[in-house]
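Before any questions on how it binds or moves, here is one chain, the form predicted alone, in structure tokens.
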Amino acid sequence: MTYIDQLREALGPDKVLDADFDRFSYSSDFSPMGPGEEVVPDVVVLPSGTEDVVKVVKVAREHGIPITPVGGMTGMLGGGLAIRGGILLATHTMGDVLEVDVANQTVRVQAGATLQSINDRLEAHGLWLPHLPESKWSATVGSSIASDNDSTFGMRHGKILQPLLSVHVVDGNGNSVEFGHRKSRFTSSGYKVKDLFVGAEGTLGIVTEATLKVEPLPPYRRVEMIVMPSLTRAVDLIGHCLRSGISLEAAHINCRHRLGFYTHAYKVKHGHEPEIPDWAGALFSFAIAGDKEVVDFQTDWVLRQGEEAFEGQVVAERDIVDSWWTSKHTLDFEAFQQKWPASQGEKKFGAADVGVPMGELERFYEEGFMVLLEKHGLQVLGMGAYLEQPNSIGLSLSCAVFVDYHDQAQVDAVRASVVDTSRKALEMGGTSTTYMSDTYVKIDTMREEAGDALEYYRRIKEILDPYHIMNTGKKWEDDPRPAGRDEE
């Protein structure tokens, strides 16, 4: 009996798909991929919950078959691709909201629940989960944990680790274990093992459920934008706001190139790009939420300081601001008039996701991002800086280019630029990844960043995944080729 037959026997035939059409449907994500580079798994499994995942892992362990868990397939560097074949475990069939505890402001969900679906349930109770990337309609809780992705509201609420209270995991032995501190907000008990699964890409185990703290919905929000003379001045203004007690809910810095990507709806409406002054080096966009009187006071203060003390200019044309916020959060588009996919008709989006210290932002942009674009012959889309450290300046950079997926040379150039950009960030005291995770493209830079810690990573992997079947080929693995497959 083959392992696929065993999966059918254990789960039922409707949950195990090996037809070519079904397998091909899971062969790509948002990664830059050239013609014929699709990564087709050998079989796709659609589990209903933790018990099904346990059965799948035990069959995979018995036969030495790789398992790649995947959420909404919105990853941008192949973290959810089954690059060694085997089993692709599609968690979107585990999408239930299991409990909304209003009194304790927590929610318990299956890993395949999308971030938007969770907030749809919470809204009726006056609550929300602030971890909301642009892909919230497709991005799942499990994939957010696996990649440690960014959020629009990271300036105040941080990334997925901040609301994550506990995770239920199936490890590489097929054990089903809960890690975390139940519904309490913090603990000094035991080891914080749950944190290991944030950014682990499913290489240590498969998250099947999670408990998260949620927050009261803000009654009012105001979004504004200021044109700044440089990236550095934008950072300085944010620091000034924090020192002065301003409660920024969202804060984003874009280079002048990047604004055109986020204001595609504006271009469709007006027939031209937004007009930005020639002296502009950056655009600072922010949101403040809460009681209207407090929000308006703080927002007006920020706008005044931006102009009077930091040489900026408030963006008065409301359509520019609204177009950016539509793209970032509300998603109230007219059909086919948003940046995905209308602005991507001929060339698509490719990016490196690095982090640098706050004092290196301008130098990295000029000596890193822009220089490397020229080196690899790529067309600039722009650099965006997400602020993802709660109430502090922590930069997560999206260094984006346009790439023609039909041109293999361009796809290869994008991958090479990702590696070079990651190395440049490391040279400046930064990190090679901030929201896509390490993936197989960054194995070398991940090793460089880990240094002596790499041996400890290996030991942790041995404990949780001794058979090396969990999302193989990602992060620091030695063997870049697919493992042997069961051909019974």
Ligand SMILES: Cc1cc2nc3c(=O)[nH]c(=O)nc-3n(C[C@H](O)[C@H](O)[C@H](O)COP(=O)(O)OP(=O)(O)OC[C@H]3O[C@@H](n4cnc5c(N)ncnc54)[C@H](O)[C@@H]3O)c2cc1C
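All residue numbers refer to positions in the sequence shown, first residue = 1. Predicted, not measured: the structure shown is a model, and the values here were computed from it.
The next section is about a form of this same protein that is not shown, the form predicted together with this ligand.
Annotation: in the predicted bound form, residues 143, 435 and 471 each come within 4.5 Å of this ligand through at least one heavy atom. Stretch-level contact analysis of 409-417, 366-374, 204-212, 224-232 against this ligand in the predicted bound form, using heavy atoms and a 4.5 Å limit, identifies 204-212. In summary, among the residues 326, 254, 106, 74, the only one with a non-hydrogen atom within 4.5 Å of this ligand in the predicted bound form is 74. Only one of the listed residues (319, 171, 404, 134) places a non-hydrogen atom within 4.5 angstroms of this ligand in the predicted bound form, and that residue is 134. Put simply, residue 167 is far from this ligand in the predicted bound form: not one heavy atom of it is within 4.5 Å. Taking the partner from elsewhere, residue 26 is found to have every heavy atom lying beyond 4.5 Å of this ligand in the predicted bound form. Although the partner is absent here, residue 69 lies within 4.5 Å of this ligand in the predicted bound form, judged by heavy atoms. This ligand is not drawn, but in the predicted bound form it has no heavy atom within 4.5 Å of residue 154. Taking a 4.5 Å heavy atom cutoff to this ligand in the predicted bound form, the one contacting residue in 25-45 is 30.
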